[in-house]
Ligand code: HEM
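Presented below, as structure tokens, is a lone chain in the form predicted alone.
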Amino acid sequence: MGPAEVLLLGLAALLAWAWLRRRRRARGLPPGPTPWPVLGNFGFALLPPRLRRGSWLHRRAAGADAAVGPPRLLAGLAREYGSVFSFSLGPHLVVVLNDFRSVRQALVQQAAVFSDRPRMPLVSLVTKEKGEPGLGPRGPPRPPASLRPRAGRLPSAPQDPREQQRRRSRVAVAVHGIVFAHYGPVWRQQRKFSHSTLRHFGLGKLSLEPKIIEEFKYVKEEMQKHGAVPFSPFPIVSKAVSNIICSLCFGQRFDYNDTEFKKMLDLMSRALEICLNTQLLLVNICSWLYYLPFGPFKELRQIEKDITTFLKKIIKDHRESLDVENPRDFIDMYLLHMEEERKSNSDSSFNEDYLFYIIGDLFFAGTDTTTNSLLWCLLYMSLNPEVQEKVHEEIERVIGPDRAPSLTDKAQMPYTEATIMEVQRLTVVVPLSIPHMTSETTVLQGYTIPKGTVVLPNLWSVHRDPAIWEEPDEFHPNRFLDDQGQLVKKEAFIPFGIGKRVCMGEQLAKMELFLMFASLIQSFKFALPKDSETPLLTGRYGLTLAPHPFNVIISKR
């Protein structure tokens, strides 16, 4: 046996010893499938596609096929291991919460412990995490030398002491925007400012209503162009929803034929679709895989580059045209606040890096989730014409055929609201929420949850729990109505999450959903083309749950 073989054997023995030692220490953890050494439970992602079907994820989840998506598969595993179970993603322990009781206990009753975000390589690489106070520099892992671009001369350090200080402060703060930011003072400051600024521009207020109704006029015009010919509602709905958040953040709406705008929406949708690709998840085991020049690795890097260019150009244009006396939108307000902070606090977290990631969060979250919810609504109305007619009857009775819907109508339209809620229940658009992380070791339902554990609240499973929902897989809007036809609030209905990390855009999403949905059903009757195949209702899983492509035929009311 040569030296190389001895070295490899020794390395394998060391890894196996480390794994066994880790397993011995792991008493008290939630039950779950036995992981592979080093690779955890996702080693099957290295296998050829044919062999992957023998993996634990496919084999144990009640025989379900991968097409049904991770949330359903994880719900199947809960039947074997219990509502709280664990698995390993490389060196990272992941705990899945599959019922409302465990989700509420973790995210509400122990919110201070369960509100952090995972420090995982894929997240750090995409969000360019630079470090965090008290943790020292924690930059994203560097690729192997063979995959790194050749280095040229580095620019000299800035001579201006203020610029040096600004650069040091940027390194001292993890740049994660709002959604992926670590739970702590910086996140609270940024979220508080963002929420108050969005409210200033109409979030959750009637003052935003005219913008939504105005945008619907473009939707109506675009849909009418198709006449009685089948068409996909995806691009029209996506552009309309995105323009609402663009008006708040960028102070402008984009024409539906704007090629750059269309490209960004397509890239955003694709990024959310591939981010849970099993090959990309391997980046959390071997971080340098992110830099591979092929497959989803290359595609995700290119998407990141293109969207970065788009958003940074918008920020640059705002900086150059900024009017201190007349801030136009979120970006202007942030730039002004940033300058004020610099005067009194040289270590402020308010800087253009953070602005970029917040704008990215708002652009992504403000577009994709509401777009998918509206598309699901149109699909379910097309599949359930009797429900669609009941909604239309309520709209006719309360609003009439000509007046635009208003948020003030909402209280008088319980069936319309119940229909939207039932669609959201069945198609929760962020089915595994955004991953949480424990900031310290704790106990949940008798299990030890170590510090740094990744926590996945399976909202899809919560919304289909037969212990809470009668006939959970059936579409019944009446489940949200009482005997008098009035709306009933269900505690386990949590499409926007729960706890301190609840979706910041919940109010905006509810406004858009109601006004857009009511306007669409008031104006058109939706149906699937004759002789077309019934679209699958499982959806396309990424970070969000999108419907499979479908076409509709509209007829004017």
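The first residue of the sequence shown is number 1, and the count goes up from there. Note that the coordinates shown come from a computational prediction; the quantities given were computed from them, not determined experimentally.
We do not show the form predicted in complex with the ligand, though everything after this point is about it.
For the three marked residues, T370, Q424 and V430, a heavy atom of each sits within 4.5 Å of the ligand in the predicted bound form. Put simply, V179 is close to the ligand in the predicted bound form: some heavy atom of it is within 4.5 Å. The shortest heavy atom separation between H436 and the ligand in the predicted bound form is within 4.5 Å. In the predicted bound form, the ligand stays beyond 4.5 Å of every heavy atom belonging to K211. Although the partner is absent here, I303 is not a contact residue: none of its heavy atoms lies within 4.5 angstroms of the ligand in the predicted bound form. Of the candidate stretches 527-535, 485-493, 27-35, 511-519, only 511-519 has residues whose heavy atoms lie within 4.5 Å of the ligand in the predicted bound form. Contact with the ligand in the predicted bound form, defined as a heavy atom within 4.5 Å, holds for exactly one of K220, K410, R191, R342, namely R191. The contact residue chosen from L379, L459, L355, L74 relative to the ligand in the predicted bound form is L459, the criterion being a non-hydrogen atom within 4.5 angstroms. If you take 474-512 and check each residue for a heavy atom within 4.5 Å of the ligand in the predicted bound form, you get P495, F496, G497, I498, R501, V502, C503, M504, G505, L508, A509, E512, in sequence order.
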